[in-house]
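Quick heads-up: it's one chain on its own, the form predicted on its own, in C-alpha cells.
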Amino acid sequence: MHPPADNTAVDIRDLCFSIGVNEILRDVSLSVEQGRYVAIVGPNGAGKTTLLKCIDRILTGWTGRIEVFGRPLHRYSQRELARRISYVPQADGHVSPFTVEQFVLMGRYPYLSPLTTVGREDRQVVRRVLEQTGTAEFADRPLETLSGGERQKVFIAAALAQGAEVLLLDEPTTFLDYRHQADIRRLLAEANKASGITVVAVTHDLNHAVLESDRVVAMRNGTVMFDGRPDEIMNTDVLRRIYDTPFTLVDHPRATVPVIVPQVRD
C-alpha cells in the first residue's frame, strides 16, 4: 500500500473487527482522498456497513488504525468528529417524533453546547439545506407523515446541516422508487461536485456505483477484494471473483463504462 497523500480524508490500515469468534473485518486497508466519491460494493455479509460504523466510531473495539484528516480517530471528541464526518444509516422503519425542520435542526448539534441556544446562523443553514434537498415544502410536517423517499431526503438534509466534510451513507436508495432514487443520487452528486464533500456510499447497485463514483471498493468476507476505477471492476472475471456468480455486461449508450444486464434463464 502507498502512504496516504496530504489530501487524504480517511486513511485505514490493517483494520480488524470481531464480534465474539466471528471475524467481521480482516486487515482492511484503504485511503479516501478529499473530494472523492467512493462506492463500496460487495455481497451481503461482506462487512461494508461495519466498516462505515468503525469510521464513524459507532463501533469500537477494533484493531488497526483509522485516521481522519491525518488525526487518529481516538483523538477526536464526539463533537469534533461530528464536524468532520456525518453518517446516514440504512432505513430501518424507525421514525423520530419530530417535524422535518426540527429533525434537520438537530444536525447542528456539533456547533451547540448545553449553554447555547439555536442561533440565526444555524437556522439559515437549515433553511438552505431544506431548499437544497427539496424538503422545504414539508418543513412543518411530522416525519411520520412522509414517504420513504421523502424521509431519506430529510436524513440527507440533516447530514448536510451537520456541515461535515465527509458523508458516509449506507444503502441510501434501498427500497425507494425510481424517482426518489434519482433525487437522492442528484443530491449526492451535487454535494460531491458542487460543495466538495467527500462521499463514501455503500450500495448493492453496481450499475449506479460505477456510473456515479470516482472509485469503487469491493469487499467480500471482511476483506477488500478490489480497489480501483469503475471501468476496471466492470469485468466479468473480476465480478465473478467478488460475487461468485456470472455476469453479462453491455455498453452503456451514454457512458464509457459497461453496465450489467440481468441474466436470461436458459
Partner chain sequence: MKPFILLTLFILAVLVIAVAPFCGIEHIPYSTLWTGELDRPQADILWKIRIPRVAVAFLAGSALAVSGMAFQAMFRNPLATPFTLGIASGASLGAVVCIHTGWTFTYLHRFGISSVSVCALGGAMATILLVYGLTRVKRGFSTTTMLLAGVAVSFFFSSVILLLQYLSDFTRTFRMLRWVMGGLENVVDFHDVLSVAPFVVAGCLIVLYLTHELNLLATGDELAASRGVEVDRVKKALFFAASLMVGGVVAICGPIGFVGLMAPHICRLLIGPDHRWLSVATLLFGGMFLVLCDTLARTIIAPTELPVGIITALLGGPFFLWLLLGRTPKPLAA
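Residue numbers count along the first chain shown, from 1. Remember, it's a predicted structure, so these values are computed and weren't measured experimentally.
Keep in mind that the form predicted in complex with its partner chain is not shown, yet the notes after this line are about it.
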Residue 182: heavy atom within 4.5 Å of its partner chain in the model of the complex? no
Its partner chain contact in the model of the complex: residue 29, any heavy atom under 4.5 Å: no
Closest heavy atom of residue 100 to its partner chain in the model of the complex, within 4.5 Å or not? no
Contact test in the model of the complex: residue 60 vs its partner chain, heavy atoms, 4.5 Å: yes
Are all three of 112, 159 and 162 close to its partner chain in the model of the complex, meaning a heavy atom of each within 4.5 Å? yes
Within 4.5 angstroms, counting heavy atoms, which one of the listed stretches 75-83, 190-198, 126-134, 174-182 is next to its partner chain in the model of the complex? 75-83
Under the 4.5 Å heavy atom criterion, name the residues of 164-184 that approach its partner chain in the model of the complex, in sequence order. none
